[in-house]
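This document opens with one chain alone, in structure tokens, the form predicted alone.
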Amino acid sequence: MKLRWLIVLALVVSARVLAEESTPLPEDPMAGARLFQQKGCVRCHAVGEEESKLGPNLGRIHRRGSLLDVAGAMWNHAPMMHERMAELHIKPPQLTSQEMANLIAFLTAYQYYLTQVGKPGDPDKGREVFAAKNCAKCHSLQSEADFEKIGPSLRGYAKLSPIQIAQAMWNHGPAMAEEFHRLGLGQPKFTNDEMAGLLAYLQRAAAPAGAEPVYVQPGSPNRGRILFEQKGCALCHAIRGVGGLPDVPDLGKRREELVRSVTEVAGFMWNHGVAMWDKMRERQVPAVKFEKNEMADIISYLYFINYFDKPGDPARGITLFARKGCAQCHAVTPGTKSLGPNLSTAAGVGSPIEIIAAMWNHAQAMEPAMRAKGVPWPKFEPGEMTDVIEFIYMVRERPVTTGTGKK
């Protein structure tokens, strides 16, 4: 993959691992891409269109899990990676908690930009969508204004990225909805990759011959979080049970719709536009409009807030802690000695990302110690890492002894 794509992908990484102020992800949007090269990951792993190197192409792995599941996958493959590194005389990289957060955020960002990088919209399909959704009844693609059309010419959209086109559609949505009603037309709805195809078609049809396409502009989850408040979205929509109204969807619990590509999320928002605009009129709330890169910021925030880990199950974490062999090396009650650090009092494990970084940094030493004790390397299935970490949190607040169930 070309470095420019690494940079584009890294520009989105500014979110949080969990909805806790103690675990911020990078403020520097270039951090993840730089680390991927500086720490030597690029020597073994490709990201994107390049052929795979020694390890798997990390851009072609479709991650349906959470951020902690990505960390779990890194842990699962640590012995194999260390073996290959030893053969190649590569020293395993050490990562601070901030660096680990940057790197994981960078790897998860690929799915966010999947439409533009790995699966661009199909303009030929978009042309069919343009006709089927009755766009041509109101809009022309000619360079000059068509006075027989109610809406403006879309010729100028060639200078916009797909998300900017979607933003323009959104801003004109209330007026368009009224016109649909006047003409007796239903509000067009978009499924799967229809929005991506439509936006690709508008770009191609409106662009001069030989013009380079304008790519998706990355959004900032942190700016999106602020805009979510400033634009009044939080007055109606809760985020994971916080704020909002009871009869309005919680946008922190819409993983199926929002952990998707940029254009799919834009289509999801558009599909629900009419209902939102009607509710706003009822409550005398002005319709939300976006400027500059604001819609990209909002979508980036909604994507990442739904990529956060669900609260773990500490009871399941107790079982996993024993079953995975963790209890054979780590004590979880103050004052108890163990081969590894006592997790109830150890320093530097106050947040999920700190625990993950500590696990990674000590993996090379843990592996031979575990072999000597006959303990197999623990592997984590999706969701298990979160449960174990939730248990460690509980241990640090209220020590628990595993194995006997004694508390």
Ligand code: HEC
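Residue positions are given as counts along the sequence shown, with the first one as 1. For clarity, every value in this text was computed on a predicted model and none was experimentally measured.
Below, we turn to the form predicted together with the named molecule, even though it does not appear here.
Relative to the named molecule in the predicted complex, residues Ala168, Val288 and His362 are all within 4.5 Å by at least one heavy atom.
With the partner omitted here, the residue from Ile226, Ala238, Leu141, Ile90 that has a non-hydrogen atom within 4.5 angstroms of the named molecule in the predicted complex is Ile90. Residue Leu107 is the only one of Ala200, Val262, Leu107, Ala101 with a heavy atom lying within 4.5 Å of the named molecule in the predicted complex. In the predicted complex, at least one heavy atom of Leu302 sits within 4.5 Å of the named molecule. At the 4.5 Å threshold, heavy atoms of Lys39 reach the named molecule in the predicted complex. The closest non-hydrogen atom of Ala358 lies within 4.5 Å of the named molecule in the predicted complex. Residue contact with the named molecule in the predicted complex: Val395 places no heavy atom within 4.5 Å of it. In the predicted complex, Lys324, Gly325, Cys326, Cys329, His330, Leu339, Gly340, Pro341, Leu343 are the residues of 323 to 345 with at least one heavy atom within 4.5 Å of the named molecule, listed from first to last.
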